[in-house]
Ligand code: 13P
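Only one chain is given next, in structure tokens, and it is the form predicted on its own.
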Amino acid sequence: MNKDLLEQEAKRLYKVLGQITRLDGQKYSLDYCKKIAPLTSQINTLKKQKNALILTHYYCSPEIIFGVSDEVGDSYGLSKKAAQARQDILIFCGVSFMAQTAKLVNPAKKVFLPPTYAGCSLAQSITAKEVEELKKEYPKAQFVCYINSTAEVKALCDVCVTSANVFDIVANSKHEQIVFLPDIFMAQNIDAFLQSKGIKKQIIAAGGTCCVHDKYTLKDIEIVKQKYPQAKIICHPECRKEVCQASDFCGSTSAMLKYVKETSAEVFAVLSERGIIAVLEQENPTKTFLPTGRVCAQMKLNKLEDILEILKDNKDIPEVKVDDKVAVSALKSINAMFKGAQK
């Protein structure tokens, strides 16, 4: 590789990564950027040659987000970008349900997930068989699934939602009885939201919890408030209801980014996956973010080396596939989300 070009790439990386904190607590140094520059340089060259689009969730590592990504966002934003993509290849840096969703909304494209085995505790907390049993138990209910679910589960539900649109979609639903899955804590937060608005609906929760957000407790908030009374506490609706109610702001990842940018506060405690803090640091260099973020090990499985292998046409890396019959029904629930989010 051309030494001068690599030097330029390292400087580019350092410019965008220099103020961001790594998982080990250290800032990205120029020397570290020089180590990853050969990878990011090759990836950025090959993705143009192969007509590939790299979509990356906020929870992935900063070197992927700022080094090689074309689109960065939360689940809702990335699903829209995937649907609109014109490139031949979609590389989704995230976890399996996200890559599945990209395939559902743009089936003609080749879709790859760099860590082919990256899963999600929420998506794995309920099966299609369990949903079928629930449908027998609640035949008149509307089935609403969080996007953190498998294609097989989406195929059995009426509408898919994300944390960015779930409250509006459920509030506008004509059904009085709603089975929400697979996030039990989000179901509780939806119920609390509806009650605050005087909207009467029965929310039936099924499934499990996020292995990152379910760890936060009121004790975490108390510790922050004692040590940093001026800090604004923000959280994700996958957190426990009492945590959400005790926070200064609760919202989707994109909503949290917007809140931090628009508020005058200078110190924040972010009760969410640590990846979002890197994005917040880059977008708000004058603000302080306390080390309250937890790590999703599955998200951090995404590596520059694996992205490069995909672009090198490594035949051992399988494409993301969805059964045709499952895809037809699952896409209906996703399209219902897009339609509902526009209301």
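Fair warning: this is a prediction, and the values are worked out from it, not measured in the lab. Numbers for residues come from their place in the sequence shown, where the first is 1.
The same protein also exists as the form predicted in complex with 1,3-dihydroxyacetonephosphate; that form is not shown, yet it is the one meant from here on.
In plain terms, the part of the chain that comes close to 1,3-dihydroxyacetonephosphate in the predicted complex, with a heavy atom within 4.5 Å, is 235 to 243 out of 150 to 158, 235 to 243, 192 to 200, 82 to 90. For H213, a non-hydrogen atom is located within 4.5 Å of 1,3-dihydroxyacetonephosphate in the predicted complex, even though that partner is not displayed. Taking the partner from elsewhere, A99 is found to have every heavy atom lying beyond 4.5 Å of 1,3-dihydroxyacetonephosphate in the predicted complex. 1,3-dihydroxyacetonephosphate is not drawn, but in the predicted complex it has no heavy atom within 4.5 Å of F180. Among residues of the shown chain, S247 is not one whose heavy atoms approach 1,3-dihydroxyacetonephosphate to within 4.5 Å in the predicted complex.
Along 253 to 282, one residue reaches a heavy atom to within 4.5 Å of 1,3-dihydroxyacetonephosphate in the predicted complex: T253.
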